[in-house]
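A single chain, nothing else alongside it, follows as structure tokens in the form predicted alone.
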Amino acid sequence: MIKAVMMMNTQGKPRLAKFYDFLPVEKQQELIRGVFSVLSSRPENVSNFLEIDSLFGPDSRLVYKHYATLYFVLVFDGSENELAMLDLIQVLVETLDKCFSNVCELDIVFNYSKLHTVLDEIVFGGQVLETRTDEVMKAVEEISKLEAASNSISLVPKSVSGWRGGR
């Protein structure tokens, strides 16, 4: 099971932190700081896989990928395959690239809800739902269409909205 998905910049500011087990906010912040301190102290020529029992408990593993100014991090238990998790990061990044035409940190900051929509189509409740970027993009586009349609629906009928009261 996936325990957490995180995106943070190279200064340690979290841009996304989604935990699939309930944790108090203080504990989440502590874990984010701990993960960043581990990642920022690692040389670039070492493995992207870590056992992280000290932060997340027994049988916890972490895989990360560093793209430009962002770290993409997955924390998971022993039931998940490490290479599959690394590939899942790639799927997430490729999907975000399709959504934002070469994703960058500002896209994540200013399109937070779309980022969550993409992530929820890929991982939900700590379980991987979809790994095909085309299928994820179809679902995200459908959700965007529904959101646009619901925003255009007026709760006041046009016949009443034109009424000005009195003659």
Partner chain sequence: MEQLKTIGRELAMGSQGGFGQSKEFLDLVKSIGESRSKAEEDRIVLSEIDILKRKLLEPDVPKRKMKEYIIRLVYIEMLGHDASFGYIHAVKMTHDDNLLLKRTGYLAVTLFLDEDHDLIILIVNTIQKDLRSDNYLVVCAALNAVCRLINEETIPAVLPQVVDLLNHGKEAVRKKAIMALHRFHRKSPSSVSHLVSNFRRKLCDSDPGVMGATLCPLFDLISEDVASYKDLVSSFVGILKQVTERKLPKSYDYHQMPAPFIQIKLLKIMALLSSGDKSASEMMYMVLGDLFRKCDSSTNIGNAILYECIRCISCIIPSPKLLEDAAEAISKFLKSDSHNLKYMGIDGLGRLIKISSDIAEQHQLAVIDCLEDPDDTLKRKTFELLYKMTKSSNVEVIVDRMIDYMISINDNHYKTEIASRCVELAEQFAPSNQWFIQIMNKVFEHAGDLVNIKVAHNLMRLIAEGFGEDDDDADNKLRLSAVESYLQIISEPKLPSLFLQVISWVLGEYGTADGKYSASYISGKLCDVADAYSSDETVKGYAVSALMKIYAFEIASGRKVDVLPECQSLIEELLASHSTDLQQRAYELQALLSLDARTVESILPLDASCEDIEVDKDLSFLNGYIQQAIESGAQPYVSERERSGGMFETTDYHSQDHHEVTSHALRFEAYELPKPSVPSQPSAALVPVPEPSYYSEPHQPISTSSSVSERESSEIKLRLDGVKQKWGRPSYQSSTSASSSTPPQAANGTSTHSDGGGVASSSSSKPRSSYESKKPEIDPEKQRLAASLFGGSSSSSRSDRKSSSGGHKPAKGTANKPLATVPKESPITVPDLLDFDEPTGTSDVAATDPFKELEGLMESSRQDGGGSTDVMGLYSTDASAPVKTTTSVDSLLSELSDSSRGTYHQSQTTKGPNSKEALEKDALVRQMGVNPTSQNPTLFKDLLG
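Keep in mind the model is a prediction, meaning the values are calculated, not measured. Positions refer to the first chain, counted from 1.
As for the form predicted together with its partner chain, it is not shown, yet the points below apply to it.
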Item to check | in the model of the complex, Val73 touching its partner chain (heavy atom, 4.5 Å) | outcome: no
Checklist entry - Looking in the model of the complex, any heavy atom of Ser37 within 4.5 Å of its partner chain? => result no
Checklist entry - For Lys98, is any heavy atom within 4.5 Å of its partner chain in the model of the complex, or not? => result no
Checklist entry - If you check in the model of the complex, is His66 within 4.5 Å of its partner chain, heavy atoms only? => result no
Checklist entry - Going through 125 to 142 from first to last, which residues have a non-hydrogen atom within 4.5 Å of its partner chain in the model of the complex? => result Gly125, Gln127, Val128, Leu129, Glu130, Thr131, Arg132, Glu142
